[in-house]
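Only one chain is included here, represented as structure tokens and corresponding to the form predicted alone.
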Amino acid sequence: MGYKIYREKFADLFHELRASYEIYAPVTKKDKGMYSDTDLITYDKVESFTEIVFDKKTFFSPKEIVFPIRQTLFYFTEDSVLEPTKLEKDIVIFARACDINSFRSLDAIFLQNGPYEDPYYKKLRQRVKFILLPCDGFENCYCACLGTNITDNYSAYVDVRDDAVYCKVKDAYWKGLWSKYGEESEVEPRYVSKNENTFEIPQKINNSIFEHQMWSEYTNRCTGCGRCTVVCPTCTCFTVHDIRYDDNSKYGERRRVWASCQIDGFTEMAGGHGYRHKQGERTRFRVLHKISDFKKRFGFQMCVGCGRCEDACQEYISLKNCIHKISEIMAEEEKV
């Protein structure tokens, strides 16, 4: 079902939606960008429809809405453990297809990666509905190469054109709300169909790639800052900290905190032993997990082609170029 709703009416609809949901969407953070006097486009809670940025790519993904950067798992005392009990509204996230598809990877890791579901992730994830945003593509994106440029996992679609908002509503619960404010209209989502740069992920990656000299380039270039994994919508590495309170060390809380396979200390074990000391080894681990290991386990690619890792890298390291090199190496090996 599609609707045409004039902007002032959609503002009223949005206000009514806010009464039942926490709404997150791309917004502008003034002067918070990577460089001096630049703005940051990122996800945040919004109170007005006019705050939403429709025509720019966000630097950060909506991942932290369901997988917070720092999350208290439980509080502990000398003889008890207590999980946080704060009740929250359900969540609506305005997102493009690639970001909505990234939640499929997060779901696989937190809900399907072993015999037990992650209860902390699940509590947040089951509260989420998506509103799909249109997309014409951005610099460094390659979602069309991975098939993540389209999705049917949304409750509604919105496209702002001139003085009206064109919507498609799939959620039966919402149709009454939308019809109250708009007139019926034929509406179909607008997706990017082709990226500026294209490539194909090799179907078969041989073990020979592990020792290939190509990874030495990344040992020389990568600084191990971890920015690529922070902005990535599908990276899920974390560590756990026990925080003891100053006034009584027997009381405190356990927190889950984001971590990165690209930084020092991530693989350190008891006794000081660790794996992947060189940045090239760490880059190899991240890249092959994105395009090979994850797919072997779950049947689909982990990477959604948003290109944020390339946007964020201070050394201009490109994941898609790295994948292209792997494809060329595998193609040459097949000829031998």
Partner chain sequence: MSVDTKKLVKNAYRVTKERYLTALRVRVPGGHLDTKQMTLISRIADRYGRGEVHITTRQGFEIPGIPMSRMEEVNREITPLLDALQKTTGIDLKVTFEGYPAAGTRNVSACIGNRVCPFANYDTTRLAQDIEGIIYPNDFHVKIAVSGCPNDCIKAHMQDVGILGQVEPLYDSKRCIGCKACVDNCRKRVTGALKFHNFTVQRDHEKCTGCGECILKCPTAAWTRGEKYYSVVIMGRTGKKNPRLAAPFLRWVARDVVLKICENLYSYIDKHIDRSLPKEHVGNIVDRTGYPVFRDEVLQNVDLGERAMVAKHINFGGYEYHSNASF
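Residue numbers count along the first chain shown, from 1. Because the structure is a prediction, the values reported are computed rather than measured.
Just so it is clear, the following notes concern the form predicted together with the partner chain, a form of the same protein that is not shown.
From the list 169-177, 182-190, 153-161, 223-231, the contact stretch for the partner chain in the predicted bound form under a 4.5 Å heavy atom rule is 223-231. Annotated contacts: 63, 313 and 326 are all free of the partner chain in the predicted bound form [non-hydrogen atom within 4.5 angstroms].
In the predicted bound form, the partner chain sits within 4.5 Å of a heavy atom belonging to residue 263. Although the partner is absent here, residue 139 lies well away from the partner chain in the predicted bound form, with no heavy atom inside 4.5 Å. Proximity of residue 32 to the partner chain in the predicted bound form: non-hydrogen atoms within 4.5 Å are present. Taking non-hydrogen atoms only, residue 47 never approaches the partner chain to within 4.5 angstroms in the predicted bound form.
Put simply, of 246, 200, 88, 196 only one has a heavy atom within 4.5 Å of the partner chain in the predicted bound form, and it is 246. Proximity to the partner chain in the predicted bound form, defined as a heavy atom within 4.5 Å, holds among 212, 129, 255, 104 only for 255.
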